[in-house]
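Okay, here we've got a single chain as structure tokens, the form predicted alone, with questions on binding and movement later.
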């Protein structure tokens, strides 16, 4: 029995390891091509960059030239600033307001709160493409077509899943804790920030990670709302490094893709242990 279990564990490990390599392979190809000349990326996309000429083949390794060209062409530091500003403050607004909303609609039982909950859940299944044109028009009318205004758009689009996850976790918090705080003289705001929100930490971190990865990598919403006036990294990379008539600086494009995924990978690896904990905790009484 033990031998069969050990064999099954080994088989599962091999399968998971193969799947990990399969998912990491495209990232490795991008990293490898970021050090190659753009002429050889199209002709030899899966070949390692060579330092020395090999027979009839010239050296394909160009060092950090693609990274320097990409940073200069995209004005990367400015785009990085816009992306960081939008991501940090959007995620902060989503975590703060959706946690308060979930706590209210979970604790206050009424037809209005039940309707609000189901509206938030329903918003999760509405594709962005259905509302993107009307949304961009309304954003322009309300003067939300700037880095500050787009924060509220992200708050709206990210509220569905976030309220759903927070609501499931709030239902698992004993009501006696809040009643004891009320007896001690705490008002609702003090109860939330001193009692409830610290308990919500696992789910809050999970919500922050999921929304940070979405906002940081988002291309369509910034393009429609703030366009070329305030270029985020995806908009800057796509707009500057993609030329007319199909001409593309593939080397610089690959280099910028590598740089753009580094911050989100670091953020994810530093917080990944909280994801499963938060998802499971939020699903206890969903």
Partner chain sequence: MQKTLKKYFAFFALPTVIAFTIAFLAPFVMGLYLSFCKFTTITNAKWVGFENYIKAFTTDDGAFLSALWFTVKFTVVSVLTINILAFALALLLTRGLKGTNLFRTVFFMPNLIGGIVLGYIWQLIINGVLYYFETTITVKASYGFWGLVILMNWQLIGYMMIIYIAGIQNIPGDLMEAASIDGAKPTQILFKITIPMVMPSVTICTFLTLTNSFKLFDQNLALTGGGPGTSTRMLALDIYKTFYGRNGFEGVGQAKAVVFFIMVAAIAFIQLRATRSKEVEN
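In this text, the rigid core denotes the largest set of C-alpha atoms whose superposition between the two forms falls within 1.5 Å. Keep in mind the model is a prediction, meaning the values are calculated, not measured. Residue numbers count along the first chain shown, from 1.
There is another form of the same protein, the form predicted in complex with the partner chain; it is not shown, and what comes next is about it.
Looking at the partner chain in the model of the complex, residues 48, 205 and 227 place no heavy atom within 4.5 Å of it.
The stretch in contact with the partner chain in the model of the complex, judged by heavy atoms within 4.5 Å, is 126 to 134, chosen from 197 to 205, 82 to 90, 68 to 76, 126 to 134. Contact check for residue 219: a non-hydrogen atom falls within 4.5 Å of the partner chain in the model of the complex.
Contact annotation for residue 37: none of its heavy atoms lies within 4.5 Å of the partner chain in the model of the complex.
The partner chain is not shown here, and in the model of the complex it never comes within 4.5 Å of any heavy atom of residue 60. Proximity of residue 33 to the partner chain in the model of the complex: non-hydrogen atoms within 4.5 Å are present.
With contact defined as any non-hydrogen atom lying within 4.5 angstroms of the partner chain in the model of the complex, the contacting residues in 71 to 99 are 97, 98, given in sequence order. Relative to the superposed rigid core, the position of the CA of residue 41 differs between this form and the one not shown by 2 Å or more. When the rigid core is held fixed, the Cα atom of residue 224 travels less than 2 angstroms between this form and the one not shown.
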